[in-house]
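Okay, so we've got a single protein chain in two different forms coming up as C-alpha cells, structure 1 first and structure 2 after it.
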Structure 1
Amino acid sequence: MKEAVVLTPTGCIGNRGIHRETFLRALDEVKPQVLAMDGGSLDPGAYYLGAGWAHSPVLNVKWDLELLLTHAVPRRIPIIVGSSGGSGARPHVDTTIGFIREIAQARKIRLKAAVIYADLDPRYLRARAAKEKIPGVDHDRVLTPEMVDQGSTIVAMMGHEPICRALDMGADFVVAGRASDASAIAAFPIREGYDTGLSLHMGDILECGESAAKEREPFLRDVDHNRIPILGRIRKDHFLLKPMHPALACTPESCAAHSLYERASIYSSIFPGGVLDKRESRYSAEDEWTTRVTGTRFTPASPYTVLLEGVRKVGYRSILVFGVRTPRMIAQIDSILEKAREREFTTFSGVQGLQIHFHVYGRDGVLGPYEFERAPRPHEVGVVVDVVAPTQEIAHDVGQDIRSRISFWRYEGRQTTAGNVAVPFSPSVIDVGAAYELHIFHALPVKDGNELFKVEILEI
C-alpha cells in the first residue's frame, strides 16, 4: 500500500531527551522516510523570543541533536525541526546551527543543512501596517506602525511550503525558524501528495510526541530521557499512529483527547494558509497500539495569512521574595501592600513605565483575579514583588526600597519593631534582566506560504 512513513522522535527537541533505545529500534524496524518534530513554542512567554534564549536545557538539546545526526544522516533520512531553538527567531536558529556544527565536526559527519529564518524585516512590516488594517488574532487591536517600531523581535509562523522547498533542495537537515508544529511534521507527506487535512491533523497529534499516547503500564517516570518516538503512517484516506515503545499505546480516546490540548477549539484550528476542520474526524482502533484517523479536512483561506509574533521590551525586572507569619500583619496584608506600592510610586514619581506587582501566595497568588476564597485567613503568606523599571539599577533600587519600607511598616498593633518579614535570600533583591511582553499577535495576508521565507543552504 502506498504510504508515507513519518517518525516524530520527540515532542520537543531538548525537552527531557529522546529515549535512545526506542529511537534506534524504530529506525531499524519501521524505516521512516523522514524525522520531523518541533523545537519549541511561544508558551514559555515573551522573554525567550525577546532575549533570544532557549527554554530547553542545552544538555538535552545536544543529546537529541547527537542522536538525530549520528543515526539519521548516515541512513539518508531527512530531519526537519520547526521553531528551532525554542522561539524560532534568528538567535535561536543560529544557536541550533552552532550545536549541529559542533556535533557534526566531532562525529565527522557531513551534511547539507537548509536554514529558513522566520524573522520579519520591520521596515517591510511597518510599511504594510501604515497602509493596511492588519487584524489581531484573539484580540481586536489592529497593528500600527508604532507597534512595529516598539518590537524588539518579530517572527512570522511558516507553514509547510518553505520546508517542502528545503526538501526539494536535498536538505539532510531542515533547521526552520518559527513554524507551525503541525506543518513541520506535515511537510513531507504533503510534498509526497497526501491530503493536506490528514497530513496536518497527523502533525497536530504527533507534535507533542507521547502526550497523545496512553501508558499501558508505568514506564516513563523511571526513565531519564523519556520522550518516546511516535510513528505516523499516512495513506490516501487515513493515517495511523503508533508509539514505538510497547508500554505506550495510541488509543482512539488518547488520540481524540489530544484535540483538546492547548487549543481553543476541538473542531476548528487555524493553521498557516487555512483552517483544519475536525468535525468529521473519526478515530478507531487498528490494533492494541495503533489508532486510525479519517475524515479531517483542510479549508484553504483566501488570502493566505501568516501569524506574526512580536515582543517589546518593557524595561528591566528585579524581584523580591519575603514571607509573613505574624498574624496581625497577615490580617492587614492587603492594605499594607497597597499603601507601600503607592509610596513607591511617589518616591520614584519621575520614573516612566515603572510597574510594581505583588504575587501574594496564601491569598490569591495562583488565581489572581479569579480567586474566590477570602477566608479563613492563612497562617503564612508568601509575597513575590515584581518590579519592572526602565533600567536594572532603578528596578533594583525600587526593590530595595520596598524591602526596607515593608520591613519597618508601622501597621496597627505592630510589635515586631525590629523588622516585620522573613527574607530568604541575600541579596534580597534579585535582578532578572530585561522584561518583555507580547504585543504583536496578528494575521498578515501574504501572496502564498513562500513569500516571506527564504531557504538558505549550508554545507556542514
Structure 2
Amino acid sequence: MKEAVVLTPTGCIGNRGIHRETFLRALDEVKPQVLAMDGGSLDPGAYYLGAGWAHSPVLNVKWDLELLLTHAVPRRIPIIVGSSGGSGARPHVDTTIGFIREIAQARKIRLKAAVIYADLDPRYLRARAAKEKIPGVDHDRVLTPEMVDQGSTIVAMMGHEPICRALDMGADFVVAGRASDASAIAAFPIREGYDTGLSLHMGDILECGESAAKEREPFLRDVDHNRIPILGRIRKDHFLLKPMHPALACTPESCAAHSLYERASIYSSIFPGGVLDKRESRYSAEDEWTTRVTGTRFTPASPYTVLLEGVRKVGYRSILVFGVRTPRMIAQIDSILEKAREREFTTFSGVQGLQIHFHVYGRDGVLGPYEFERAPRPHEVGVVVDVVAPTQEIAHDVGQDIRSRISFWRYEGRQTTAGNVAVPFSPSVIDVGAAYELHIFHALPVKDGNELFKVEILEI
C-alpha cells in the first residue's frame, strides 16, 4: 500500500532527550522516510525570543542532534526541525547550525543543510504597517509602525511550503526558523502528494511526540521520562499513529484529546494559509497500539496569512522570594503588599516604566484572581516579588527596599519587632537580566507561503 512514513523522535529537540534504544529500533523496524519534529516554541515566554537563548538545556540539544545526525544521515533519511533552537529567530537557527557543524566535524559526517530564516526586516514590516491594516490575532490592536520600531525581534511563522522547497533542493537536514509545529511534520507527506488536511492533522498530533499516547502498562524503568518516538503513516484517506515503545499506545481518546491541545475550538484550527476543519474527523482503534484518523479537511484562506510574533525589551528584572508563617500577617498579606507597592512607587516616583508584581503561592499564586478554591487560610505562604525597571541597578534597589520594608512592616497584632518573613537566599534579591514582553501577535497577508522565506543551502 502506498504511504508516507514519518517518524517524530521527540516532541521538542533537547526536551528531556530522545529515548535512544527505542529510536534506533524504530529506524531499523519501520524504515521511516523522514524524521520530522519541533525544535521550540513561544510557550516559555517572550524572553527567549528577545534574548536569542534556547529554552532547552544545550547539552540535551547537542545530544539529540548527535543521535539524529549519526544515525539518519548515513541512512539517507532527511531530517526536518521547525522552530530550531527554541523560538526560531536567527540566533537560535545559527546556534543550531553551529552545533550541527561541530557534530559533523567530530563524527566525519558530510551533509547538505537547508537553512530557512523566519526573521522579518523591520523596514519591510514598517512600510506594510504604514499603508495597510494588519489585524491582531485574538486582540483588536492593529499593527502600527511604532510597534515595529519598538520590536527587538520579530519572526513570521512559516507553513509547509518553504520546507517542501528545501526538500526539493536535496536537503539532508532542514533547519527551519519559526514554523508551525504541524507544518514542519506535514511538509514531507504534502510534498509526496498526500492530502493537506490529513497531513496537517497528523502533524498536529505528532508535534508533541508521545504526549499524544497513554500508558498501556506501567512505564518500564529504562523508559524513564525520555521522549519516545512516535510513528505516523499517511495514506490516501487516513493516517495511522503508533508510539514506538510497547508501554505506550495511541488510543482514539488520546489522539482526539491531543487534537484539542492548545486549541480554542474543538472543530477547527488556524494554520498558515488556511483552516484545519476537524468537524468530520473520526478516530478508531486499528490495533491495541495504533489509532486510525479519517475525515479531516483543509480549507485554504484568501489571502494567505502568516502569524507574526514580536517582542520588545521593557527593562530589567529582579526577583525576591520570601515566606510568611505568621497567622496574623497572612490574614493581612493583601493590604501589606498593596501598601508596600504604593510606598515603592512613591519612593521611586521618578522611575519611568517601573513594574512591581506579587505572587502569593499557597493561596492563589498560580491562578491569581481566577482562583476558585477558596480554602481556609493556609498556615504558610510564599511570596515572589517581580520587579521590572529601566536598569538592573534600579530593579535590584527596589527589590532590596521591598525586602527591608516588609521584613520590618508594622501590622495589627504584630508580636515581633523584626523578622516578619523568611528569606531563603543570599543575596536576597536575584537579578534576572533583560525583560521582554510580547507586543506583536498579528496576521500578515502575503502572496503565498514562500514569499517571506528564503532557503539557503550549506555544505557541511
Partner chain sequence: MSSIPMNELCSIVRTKNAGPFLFTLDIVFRERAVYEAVKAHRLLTREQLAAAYGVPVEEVVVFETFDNVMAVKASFRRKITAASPGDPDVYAMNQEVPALTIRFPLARLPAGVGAQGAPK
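For clarity, a rigid core is taken as the largest C-alpha set superposing within 1.5 Å between two forms. Keep in mind the model is a prediction, meaning the values are calculated, not measured. Numbers given to residues start at 1 and step along the sequence of structure 1.
- For the form predicted in complex with its partner chain, the corresponding chain is the one labelled structure 1.
- Rigid-part membership between the two structures is shared by K242 and D204 [C-alpha given to the better-fitting superposition].
- Two rigid parts move between the two structures, and the turn of the smaller against the larger, rounded to whole degrees, is 6°.
- On core superposition, R374 has its C-alpha offset by 5.8 angstrom between the two structures.
- Comparison between the two structures places the CA of Q332 2.6 angstrom away from its other position, after core fitting.
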